[in-house]
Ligand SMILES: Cc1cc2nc3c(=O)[nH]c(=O)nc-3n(C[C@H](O)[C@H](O)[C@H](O)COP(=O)(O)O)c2cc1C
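Only one chain is shown below, in structure tokens, and it's the form predicted alone.
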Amino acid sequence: MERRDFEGFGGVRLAADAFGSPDAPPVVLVPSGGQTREFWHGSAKALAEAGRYAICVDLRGHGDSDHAADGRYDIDSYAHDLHAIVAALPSRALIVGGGLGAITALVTVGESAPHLVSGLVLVDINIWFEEDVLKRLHTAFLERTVRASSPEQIAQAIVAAHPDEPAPRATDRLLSAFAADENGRLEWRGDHRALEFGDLYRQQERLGVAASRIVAPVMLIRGSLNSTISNETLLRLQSMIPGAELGEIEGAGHFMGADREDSFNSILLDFLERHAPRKPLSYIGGSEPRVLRDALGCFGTGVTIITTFDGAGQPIGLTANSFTSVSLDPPLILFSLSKRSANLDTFTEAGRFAVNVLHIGQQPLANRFAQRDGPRFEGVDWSARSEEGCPILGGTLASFDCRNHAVHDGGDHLIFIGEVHHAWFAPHRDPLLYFRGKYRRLHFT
């Protein structure tokens, strides 16, 4: 198991545990409200053994994730967090969500991330709740998240919330959301403001629209004894999601992901192998660009910082791996820049640029110049080594000072071809590499 952190909406740090190889197809497991990432550890281990990279996350304000400084625990905040997680992964992820986690996944994929996922498994999901049911569940939820004198007291509160269902057996998974204080009493590990769901479950129209827009494969799973989510409810939701499948675990109620782990994992792995099998993915012209990006990410590159001066003489720079040599006679190199870049006009009008190739110790510099905002050159060693030269960063593996030779249209990018006037390099340093969305280093045999 590896501990990971992700940056969510508004800079909130989201804690996660990862199982398996990072190079394997990712699966993101999102718990329900009040639960922590440990709830999914059993399924995560099974996924890792089946050749997947399983990532269990804590919702904001839950477990080891940051509390929201602004107190935002609405569906939009949770959805933005999940969008940030799947967007940070090197390839498309399958999302497994339970309860609140399932609703978050539905909104995220239905509203903003249709092509960032390979599928959805939604557990114990309902988008139609009656007022009295909401109040009963919320009261019982608060009772088990205040300080308790014993694990039995928490278990009793869970049973009280679902009196018509089997008592949960995997209480260790549920108790992982609690920690003992100095007096030995158990306290919920999180921000208690996150327990006030407000109108989270009442956005029925919005959730219905989001469900109808999902284009990824979907599996809906419930326990047959779940007293608040009936089979009819799931059939109704299934009819709204094109192609959605329905799975039911006999004799299970809430918390079946832990109580009936073998049965649940069997359904989950079967769904994965049918809809996101571990075989080479293919891109056909006109299909979704994320697959093409993943394929292109299989080509390892170096990492550079491209620099120039703006019209006011201020240094401008950005991180790029779209750099290659073109010709020795004349000496030409190129890089490409997105037409959506805020610096596009600056590089076009400057008529010159420099390419600074980074070494393995300059990953922090690459991260700094990859940010959209913030002072990039502050505290950085750089200089213009000739009267009309561009900013050359100190200590790089290599630097090339160029004049624009040609600028070509390249789809959603412009291709800048530069003629090299000066070059510097340090032959005894190793390069910083980039492969499948991550920084890498050379491994010699």
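What you see is a predicted model; the values in this text were computed from it and never measured. Numbers follow the displayed sequence, beginning with 1. Just so we're on the same page, rigid core means the largest C-alpha set that superposes within 1.5 Å between forms.
If you look for the form predicted in complex with the ligand, you will not find it shown, but the lines that follow are about it.
Engineer: Using a 4.5 angstroms cut-off on non-hydrogen atoms, would Asn343 count as touching the ligand in the predicted complex?
Structural biologist: Yes, Asn343 is a contact residue.
Engineer: Is Phe369 close enough to the ligand in the predicted complex to count, meaning some heavy atom within 4.5 Å?
Structural biologist: Residue-level check for Phe369: yes, a contact with the ligand.
Engineer: Taking heavy atoms and a 4.5 Å cut-off, does Val326 contact the ligand in the predicted complex?
Structural biologist: No, Val326 is distant from the partner.
Engineer: Is there a heavy atom of Ala276 lying 4.5 Å or less from a heavy atom of the ligand in the predicted complex?
Structural biologist: Flag for Ala276 set to no.
Engineer: Select, from the options 311 to 319, 354 to 362, 237 to 245, 179 to 187, the stretch whose residues sit within 4.5 angstroms of the ligand in the predicted complex by heavy atom distance.
Structural biologist: This holds for exactly one stretch, 311 to 319.
Engineer: Using heavy atoms only and a 4.5 Å cut-off, determine which of Ser338, Gln153, Thr228, Gln203 is in contact with the ligand in the predicted complex.
Structural biologist: In short, Ser338.
Engineer: If the cut-off is 4.5 angstroms on heavy atoms, which of these, His67, Lys45, His405, His413, is the one near the ligand in the predicted complex?
Structural biologist: After the contact test, the surviving option is His413.
Engineer: Should the three residues Arg3, Phe9 and Tyr78 be counted as contacting the ligand in the predicted complex, with contact defined as a heavy atom within 4.5 Å for each?
Structural biologist: No, none of Arg3, Phe9 and Tyr78 comes within 4.5 Å of the ligand in the predicted complex.
Engineer: Select from 375 to 395 the residues with a non-hydrogen atom within 4.5 Å of the ligand in the predicted complex and write them out in sequence order.
Structural biologist: Residue within 4.5 Å: Arg376, and no other.
Engineer: Can a Cα shift of no less than 2 Å be assigned to Gly437 between the shown form and the other one, given superposition on the rigid core?
Structural biologist: Yes.
Engineer: Rigid core aligned, does the Cα position of Thr233 differ by 2 Å or more between the shown form and the other one?
Structural biologist: The answer is no; the displacement is under 2 Å.
Engineer: With the core lined up, does the C-alpha of Asp70 move 2 Å or more between the shown form and the other one?
Structural biologist: After core superposition, the C-alpha of Asp70 moves less than 2 Å between the shown form and the other one.
Engineer: Are Leu269 and Phe435 closer or farther apart at their Cα atoms in the predicted complex than shown, with the shift being 3 Å or more?
Structural biologist: Compared with this form, Leu269 and Phe435 lie closer in the predicted complex.
Engineer: Do Ala50 and Phe435 move together or apart in the predicted complex, judged by C-alpha distance changing 3 Å or more?
Structural biologist: Closer together, which means the C-alphas of Ala50 and Phe435 are at least 3 Å nearer in the predicted complex.
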